[in-house]
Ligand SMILES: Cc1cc2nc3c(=O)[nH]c(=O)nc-3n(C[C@H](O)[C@H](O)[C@H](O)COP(=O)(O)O)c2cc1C
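Take a look at this single chain, the form predicted on its own, given in structure tokens.
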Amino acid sequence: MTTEIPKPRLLSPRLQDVLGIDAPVLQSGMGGVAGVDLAAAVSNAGGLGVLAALRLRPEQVRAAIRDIRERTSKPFGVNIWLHDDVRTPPDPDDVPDDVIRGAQTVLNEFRSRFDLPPSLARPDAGADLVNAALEVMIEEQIPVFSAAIGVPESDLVERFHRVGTRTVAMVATVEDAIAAVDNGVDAVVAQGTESGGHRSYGTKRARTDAVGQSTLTLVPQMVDAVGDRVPVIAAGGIVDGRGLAAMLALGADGVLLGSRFVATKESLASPVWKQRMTTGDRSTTLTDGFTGQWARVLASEFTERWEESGADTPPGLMQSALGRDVFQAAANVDDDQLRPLYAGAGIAAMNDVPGAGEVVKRIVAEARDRLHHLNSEY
């Protein structure tokens, strides 16, 4: 007769009930990073892997969803922005001439490095891909819809619920958390200022307002405001099990990690991006120079020059369209000074590039050890 070894107690039974995951670790849906391989690996390890769908055409979103389903039977999510000026791209002809001229003047300083011609041209009109992607997600009945950079409206949440899809909204203020929960979302992510990538506001704010609150102060406030209604997931500066243990102690139900998953084997990030995340100087800064929206990135020559210039960006994602030739040329040669390398403030604690599944298991094990140690001490 064999005795079955009991499974260890879940760190977050509530997240298992709501999202169907065993490990309270969610992967951020980062553009240029979070593809099929990464999402499947995280989900197979018990966390929630998330596909980045922003800027993907509808047929690409559908193909990626079906590919993930071939690779895992576990829950996974699909992420997209709901920002007002991204979901409905503004008309480039409405942007003042001085805004275009100012942004292009800075970009022209870098075009000569790649033998690119100078330009003062207006950006192309952005394609309306967000709403089409949302329709695909609903048709495909994805397990989890991950909303960012904007609060999903109640009608959209209800449409997802009708096909059995859970909804998670990343927000950076208590007010947006309350609005998201009132609209019916199943969980909220509290995005602290230490988070890498874009600030999760539905409209662009002034830089001082975009900085936001520290994860350490935002999480307990959000737990107090909506934690009795939905799970609260912490994000920002968390890269290991110590961070998970700390957030659980603050009342969060789990964590969402971005930077830690950038530096994994399955990530789509370039070699130099992974190297910069795990070695050498890892200073970060907040900039709108790459996309037009505020984002925390690794400090670089471009971010320094953009800050010095005082130039304004056009609305939506037009800035990324203006600089597409420069940023693509930099990407082609893996130049770390002239392309956006999104990174959170906690990356100094990272020093390796493991598999994504190993990251999930390691973080859970470290958190258990930390919590067990604290319980035994007190």
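Because the structure is a prediction, the values reported are computed rather than measured. Sequential numbering from 1, following the sequence displayed.
From this point on, the text means the form predicted together with this ligand, which you will not see here.
This chain appears without its partner; in the model of the complex, the one residue of Leu48, Val326, Met30, Leu38 with a heavy atom within 4.5 Å of this ligand is Met30. For the options Ala148, Leu218, Ala180, Ala252, the one in contact with this ligand in the model of the complex, meaning a heavy atom within 4.5 Å, is Ala148.
Contact between Val188 and this ligand in the model of the complex is not found at the 4.5 Å heavy atom cutoff. The closest non-hydrogen atom of Asn79 lies within 4.5 Å of this ligand in the model of the complex. In the model of the complex, this ligand sits beyond 4.5 Å of every heavy atom of Pro231.
Remark: Trp273 counts among the residues lining this ligand in the model of the complex, judged by a heavy atom distance of 4.5 Å or less. Every member of the trio Met170, Gly236 and Val262 reaches this ligand in the model of the complex with some non-hydrogen atom inside 4.5 Å. Residues placing heavy atoms within 4.5 Å of this ligand in the model of the complex fall in a single listed stretch, namely 22-30, out of 40-48, 22-30, 62-70, 318-326. Contacts to this ligand in the model of the complex (heavy atom within 4.5 Å) from stretch 333-365: Tyr342, Ala343, Gly344.
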